[in-house]
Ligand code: NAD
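First comes one chain, alone, set out as structure tokens in the form predicted on its own.
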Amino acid sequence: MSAMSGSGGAQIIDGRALADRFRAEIRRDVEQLKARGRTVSLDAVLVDGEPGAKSSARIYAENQKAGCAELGIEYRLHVLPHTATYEDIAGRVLLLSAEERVTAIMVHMPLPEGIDPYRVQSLIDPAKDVEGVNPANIGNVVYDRSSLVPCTALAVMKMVDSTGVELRGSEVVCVGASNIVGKPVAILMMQREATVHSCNKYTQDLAAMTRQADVLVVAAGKAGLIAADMVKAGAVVIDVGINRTVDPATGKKRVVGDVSFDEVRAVAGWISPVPGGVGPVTVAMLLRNTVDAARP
């Protein structure tokens, strides 16, 4: 079980430890593919920010390059200027999709104002779409076909599996219904024969719903949304939220999830922290998908 015990309360699902385990598996798979003459690579498209400033996307891309190098994955970053138009970005994505040597593609967000990410993501070859954002891959999740699953949704499933909890017959509540987290997580849970409830900001008496959950997945984007009295004793709680707040006591900026961690930890059986939970596993799942896309 990839959970980390703490003194009192829930076991912490250590995302960094899980990610390390997955990276070791990925490294072995890369070596095996290379031994068979298959190159594993990731091509990423980045529209750079204003000159003179290093964007968060650029920092992420640099970290991504280092992570790929560690596992033996080639990383090619295609940088477009901040003045890039839809035609510029679409052209580069279509070119990469058509190139035989390219096996894995992702597009860094955000895109320039006025450019619809959906239109760009729809152009990625579904077989090379390692973030699972092409509508064809979202559809394949619904039909339970072999496809590249959205990375965060896949990370959530891996984290739940790490607890050893049986999903078949369990009550699962997903708070938040985004296209890349809430909806695919709900579908993946259904495929595992769980009973799934999908909630949103219009759900009446949210607390009554969440208290039913054996597994509670929260991806609503609202800091502190889930309190202890909203959680069933012994439940698995996966916090996908990333909210940047200011600590009223110190005035320092910090990142918190959608779950009131300290309170809920006293009630839950397992809980993922923010940071150090879903985030590292999501990055590992991107690399997992990159390897899978490279298979003949």
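Numbers follow the displayed sequence, beginning with 1. Not measured: the values here are computed from a predicted model.
The form predicted in complex with the named molecule exists for this protein as well; it is not shown, and the discussion that follows is about that form.
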Notebook entry, point to check: Would residue 132 count as touching the named molecule in the model of the complex under a 4.5 Å heavy atom rule?
Noted result: no
Margin query: in the model of the complex, does residue 279 come within 4.5 Å of the named molecule, counting heavy atoms only?
Written below: yes
Notebook entry, point to check: Can any non-hydrogen atom of residue 240 be found within 4.5 angstroms of the named molecule in the model of the complex?
Noted result: yes
Notebook entry, point to check: Hey, in the model of the complex, does residue 141 get a heavy atom within 4.5 angstroms of the named molecule?
Noted result: no
Note to self: Counting any heavy atom within 4.5 Å as contact, can you tell me which stretch out of 222 to 230, 121 to 129, 100 to 108, 80 to 88 lines the named molecule in the model of the complex?
What the structure shows: 222 to 230
Note to self: Under a 4.5 angstroms heavy atom criterion, identify the one residue in 93, 160, 196, 181 near the named molecule in the model of the complex.
What the structure shows: 181
Notebook entry, point to check: Ok, 177, 115, 136, 209: which has a heavy atom sitting within 4.5 Å of the named molecule in the model of the complex?
Noted result: 177
Checklist line | Contact set, 147 to 166 vs the named molecule in the model of the complex - heavy atom within 4.5 angstroms | finding: 152
